[in-house]
Structure formats: C-alpha cells, structure tokens
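Below you'll find only one chain, the form predicted alone, shown as structure tokens.
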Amino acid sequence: MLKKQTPDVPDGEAVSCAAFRERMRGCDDTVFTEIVVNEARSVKVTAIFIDGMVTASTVYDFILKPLTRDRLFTQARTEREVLDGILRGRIYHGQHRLCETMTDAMKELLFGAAVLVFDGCAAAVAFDSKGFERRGTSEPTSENVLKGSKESFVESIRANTSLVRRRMQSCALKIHHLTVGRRTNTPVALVYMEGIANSATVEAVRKRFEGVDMDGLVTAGQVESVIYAKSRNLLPQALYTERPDKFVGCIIEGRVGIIVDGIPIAYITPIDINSLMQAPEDYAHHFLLGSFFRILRYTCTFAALVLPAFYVSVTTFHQEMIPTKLAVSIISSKQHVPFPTYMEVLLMLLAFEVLLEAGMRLPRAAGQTVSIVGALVVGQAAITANMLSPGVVIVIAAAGITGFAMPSQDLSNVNRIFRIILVLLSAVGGLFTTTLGLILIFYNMCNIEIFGTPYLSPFVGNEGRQMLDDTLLRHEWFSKTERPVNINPEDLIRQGPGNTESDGETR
C-alpha cells in the first residue's frame, strides 16, 4: 500500500503539541483544546481537530466527555495511565489508532480525525470522527434512468463504497485503499471481486496508481491519464459511470473499479468497444428489445461517423451513385449557394459544435433554448439567404441526432472529431480517401490493448469466441453462463443454465 505523504513533516519526528502548532500555523480552522483530565489537575491532554472536517457532537460526547468523567481518568496520576485506559477502550468510540510519529498523526488529522496529544508520552491517539458536509445521494444527471436505481455516486469515497457494498454483500468484494498525490493525499479505492477479477490486472492497476508522482489527483482527466494505456490516443480507454448498479454489474463480470474521493463518478477497467456501446437499460427490457436497441445504436454510431463524409463524396466525385431525381433536386437547391459542398458541411459541423458548447456552458434552461433556437432559426435563415443548401442541413442534422445515441459521452466526442477528419479526406479524394480514413480509424482501435484486453474484442483477437454473446445481440439471462473471456476472469462461469419456460410452468 502506498504510504500517505504529509508534506514538511520529517519521518520519525516525535509527537508534540508544539509540533502540531508549528505545522498548522496560519490554519485558522484548526481547533486546539486543552483538557484537564484528573481531579488533581496534573494531567493535561490537547484535543486537536479541523473545524468542518469532524462531527463536533461525536468529539464532545464520545471522546472528551468520557475523558473528564470516567473514574479511571479522573484518578489517573500520569499521562501514561490515561493513554493506556484509552487504548483499552474506556472511551466510547470504536475506531481509534495510536500514532507515535508526527507523520502518522498529521495524516490522521488532515483526513478528518480528532487527535488527542500526550506530550509527556510523545504519542497521540486519533479517533475517526469524519463529519464534513457532502452532497446527498440523488438521481444521476448524465445517465438517464428509465428502469433502475435512482441513486448515484457522490463526492465522498466512503459514501460511494457503501453504495457498492450494499449491493454486493459478499466478503469476496475487496476494496483496496491507496493514496495518490504529494500535496492532496487523495484517497483512491480499487474495487474488485476476489476469485473473479484477474489478479494480474488488479496488480497492474494498483501499480499504475502507486507509480503516480504528481502534486494532486483532483480532476477526472488526471484519473484517466493514470488509467489510460496510451494517453495520447483520443479513444476512451476506461468506462465511467454515475450509477452504482452499472458499476456493480461490471465488477461481477470480473472488471476492476476505481473510486476517487472528490469525484462523483467511478471508473471501470479493462473495457472494450462493446462496453462503451452498452447501456444498463438493455438489461431492463426484454432481450429482443435490448438486442434491437443495440443494433440500432451501432447503426446510429456508424451513420453519425460517415454520413457527412459520404454526402460530400457522392455529391462531389460520384454523382453517378445518386438517383436522377434526387440529383436534380440537389443541383437545383445548390444553384445560388456560393460555397462548395465540403465547405458547407464543415461550416455546419462547426456551427453544430458551437451550439453544443454554448448549450453546455449556459444555465440549463437557457442552454436548451439556445440549442433549439440556434438550430431552427439560424438554419432556416441560412437556407433562405442561400448560404447553405437544404440537403446539407438535413445530413448534418441526421448525423448530429444519431451521434447522441451513443451511451458513452467520451466516445461521442471522439466520433465528432473523426467525423470532421473524414469530411476533410472526402473533399480530397471522395470515397477512396474516406475509406482510407475509416481503415486508419479501425487500425488505431486495433492498436489499443487495455490491461491485456484488445479494444475491439470480442470481435477481433478472440478467435471468434463470444463474438455474438452479449455484443450486438442481448441473450436471455439464463443463457449467459460465462463471463467475458476477453478480460481473462479467474472464474469464467457466471451461472448455471436455466429454463425460464419450465420455471414459469412450475410457478
């Protein structure tokens, strides 16, 4: 386990109240309270905690009050007797730890513990009394829930692990804690199922975080830079979610979860392209409906990627592919437009990106208004002013709408970048260069391997095994007897085969 680093505290420095005051000089939110313990007023201890990081009632009622009222403490003659009494459990608090160095004591204080300092013994006892304010569990904002749990992850790592533990009441669920960041000391939890998740993958993820040398881990982008095998590649290489039910479903499959304190999402690795195209609602509907939605989703993704480039290619270089009546309609609509087709498409794509960016930055109600008004009014005005042809507007609108069918926002963003690149290629050589661009995109995908899992598996690199098992098609629950083999789980068997029809007759 990675050692928690506390800046400016020499290793092995003795614990003392003076050392605490020196380290926390200028920190006005730190509370120092001197307590006279015994009746003879000869034994004194100092309680130190950070205001807002602890539950004040817990500190006063379960730590300080017993310290001044318990007979063992009131009749104590030395600090050692008081310290021994606390370690034997005479204070009504279940979680305490003896700290014999300033490094350990400062670490506990900064993580929200109340610390009792015994200057005469050069030791301190830290009581876990975290009580800082946090956002309550609410409905996910970035992942719509149709049929499923309305709970979502929050910024507190302990609240998030409890949401996972409540859904997975098994001792095989392991939550391994790390600390990342020289200055922030950010808690990170690796979550996996022992006996199911590949132990080599778990160890590789753990070493990846232990090897991080940075000041802090405070943003989602920094977490992704640690997880990603190829940080310069645009394609998403980890799955993130706000939903505990989706997170637990991936953990059961044998994947590794990462929960970071202060970030209200959880990450899952290793993944493949199929993981980015699945939605939890696929499993909430009948398996035939789920299969239909998945096929539709893959089709929409491909259409959003190639439709603008295909339109530029066929209207500029391959007019013979267009039916005569449609070709005449397109030519007549472009007679008074001063721009070539590829320029129209690029301008519309850029305008679409501007509308999306503006809608995200404005307040929610205003953002929706800007998006709708911009799409309708500006688009119609551009057609009326003969700046754009109606065909281009229709194609870009269709590509934009189909692009929103992807469950992964990261994959949708990358799709929009690749779409612009394909349009530029189509303006150079038509379908030939467009096809070349698609080949390069798929080559890039084939070149990615995430903790031993090929990015395009199980479609490639898997000898055809499970190619149609829970990928394009969603099978019945009782027919899914194996976990995904491409992530190399230690226990491949998910469940025994069942017969839903006979079960229904029995019931």
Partner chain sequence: MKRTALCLLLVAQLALCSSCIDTHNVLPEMSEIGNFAVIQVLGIDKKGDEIEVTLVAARNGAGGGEGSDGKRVTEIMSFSGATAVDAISRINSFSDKRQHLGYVDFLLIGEDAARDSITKYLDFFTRDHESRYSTNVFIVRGDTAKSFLRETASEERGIDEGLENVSKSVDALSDSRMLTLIDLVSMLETPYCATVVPALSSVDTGYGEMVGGEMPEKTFKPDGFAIIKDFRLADYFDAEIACAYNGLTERIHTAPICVTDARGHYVSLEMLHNKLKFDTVWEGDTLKGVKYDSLIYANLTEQLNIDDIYGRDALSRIETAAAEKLRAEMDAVVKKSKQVGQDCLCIADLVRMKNPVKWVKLDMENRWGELFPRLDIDVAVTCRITRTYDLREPTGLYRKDFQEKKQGAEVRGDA
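Residue numbers count along the first chain shown, from 1. Every value quoted in this text rests on a predicted model; they were computed, and no experiment measured them.
We do not show the form predicted in complex with its partner chain, though everything after this point is about it.
- Among residues of the shown chain, residue 330 is one whose heavy atoms approach its partner chain to within 4.5 Å in the model of the complex.
- When its partner chain is considered in the model of the complex, residue 433 lines it closely, a heavy atom lying within 4.5 Å.
- Proximity of residue 325 to its partner chain in the model of the complex falls within the 4.5 Å heavy atom cutoff.
- Remark: residue 276 does not count among the residues lining its partner chain in the model of the complex, judged by a heavy atom distance of 4.5 Å or less.
- Taking the partner from elsewhere, every residue among 317, 390 and 429 has a non-hydrogen atom within 4.5 angstroms of its partner chain in the model of the complex.
- Stretch-level contact check against its partner chain in the model of the complex with heavy atoms at 4.5 Å: of 332 to 340, 220 to 228, 194 to 202, 114 to 122, the positive one is 332 to 340.
- The partner is absent here, but in the model of the complex a heavy atom of 384, alone among 170, 384, 95, 141, sits within 4.5 Å of its partner chain.
- None of 447, 55, 42, 68 but one reaches within 4.5 angstroms of its partner chain in the model of the complex through a heavy atom, and that residue is 447.
- In the model of the complex, its partner chain lies beyond 4.5 angstroms of every heavy atom of every residue of 45 to 79.
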